[in-house]
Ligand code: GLA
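The data below hold one chain only, encoded as structure tokens and taken in the form predicted on its own.
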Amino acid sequence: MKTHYAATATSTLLILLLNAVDFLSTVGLANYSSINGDHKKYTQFLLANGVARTPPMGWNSWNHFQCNVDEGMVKSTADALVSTGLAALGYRYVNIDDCWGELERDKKGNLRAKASTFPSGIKALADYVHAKGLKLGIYSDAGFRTCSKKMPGSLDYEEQDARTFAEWGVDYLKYDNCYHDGSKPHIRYAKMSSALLKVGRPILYSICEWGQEDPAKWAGRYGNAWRTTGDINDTWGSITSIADQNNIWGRYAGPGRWNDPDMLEVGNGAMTLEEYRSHFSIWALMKAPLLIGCDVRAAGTSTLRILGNKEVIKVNQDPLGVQGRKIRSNAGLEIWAGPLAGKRAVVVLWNRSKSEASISVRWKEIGLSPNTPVIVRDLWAHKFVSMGKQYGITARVAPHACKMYILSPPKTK
């Protein structure tokens, strides 16, 4: 984990971003990306790819099922995304992770779906998912074998596999980093990026390099998302550590290219509801891909309420596309914030301590004038908590819980 991050620099940068909302709203997202990176290469990439203008949302099989995947489970999960209403909220990618294929390629060097678990093949499964109004994702690896060792990787087969994925109707590729030849990841990931751009099908390209070579600095040239951390697990320590690691790289994210702190653990059962709400809130604020990692078919009401919070989802899908970040931390009491479109801001008061505590934030800390009227909306209580002139907000926050607010200017007639 990197520890060189300076909180004061973060606060200053966030204030600058908040003060720049009017400017960004005026000049548009294309100009924002020119401020925030390699504009020429990025624009060319977007023109060729055109996906993930907001963080991708959907489901992935790994966190809950790992290698226990089959076509019946994938189909019933697609059905559940629709029947629960999650698909209508934006969860549209149905992503199969590792272990979907045979151990070896066929005689022509093609990847093959595992006959015992995907007897109808990936093309038929993609057709089923597409008929539901959803998109299908698949998994491969920038090495000779995938991380499970149960499938071939795509190293040296990039163009052949990209064509295969396109022919099958795949919409999303998660590309892992196991068992490779020792070459630099940006070289191996660039090869698959080029291959995907040649096939004539928009495929969201998710680079899973685990943050080892600081992919935020280079992966935006090649992919739509990149892992900034190692694998998540269903513990409080994991989500807090990963949030801090991902926080470092906020300036590299934006429409079409996103920092990925790994998939959601909400609903897998090892954390409390308050901890899951904090997990979901911070991932949404950080503009992380929102990929459900539980068994949607068995998700209870409380889990669905968290995953289905429309107001929190809107923060994640905000068109400005600026990653919110940590601006203050003291004894586990934290302030996270970021700008939103429409001259708004989002603020999370996060209590990472073991005791209930009051957390306060003053508007000047997040770049707002204390003399500016602000409407404050509580996104978990689904109500307005104050309107008019005030200097900030204070709330009592339970241990491991958070409060999440949107600050908006009053509407003018």
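Note that the structure is a prediction, hence the values are computed from the model and not measured. Numbers for residues come from their place in the sequence shown, where the first is 1.
The form predicted in complex with the ligand exists for this protein as well; it is not shown, and the discussion that follows is about that form.
Taking heavy atoms and a 4.5 Å cut-off, does A219 contact the ligand in the model of the complex? No, no contact at 4.5 Å.
Is F144 a contact residue for the ligand in the model of the complex, using a 4.5 Å heavy atom cut-off? Taking the distances in the model of the complex, the answer for F144 is no, it never comes within 4.5 Å of the ligand.
Would you classify E71 as touching the ligand in the model of the complex, given a 4.5 Å non-hydrogen atom cut-off? E71: no, not in contact with the ligand in the model of the complex.
Does any part of E102 reach within 4.5 Å of the ligand in the model of the complex? Heavy atoms only, please. Looking in the model of the complex, residue contacts with the ligand do not include E102, since no heavy atom lies within 4.5 Å.
Which of 119 to 127, 333 to 341, 146 to 154, 307 to 315 sits within 4.5 Å of the ligand in the model of the complex, heavy atom basis: Stretch with heavy atoms near the partner: 146 to 154.
Heavy atom within 4.5 Å of the ligand in the model of the complex - residue from E213, D231, E167, D244: Answer to the contact question: D231.
To verify the annotation, which of these, Y205, W258, W283, Y139, has a non-hydrogen atom within 4.5 Å of the ligand in the model of the complex? Here the answer is residue option Y139.
D98, K174 and R227: each with a heavy atom within 4.5 Å of the ligand in the model of the complex? Every residue of the candidate spot has a heavy atom within 4.5 Å of the ligand in the model of the complex.
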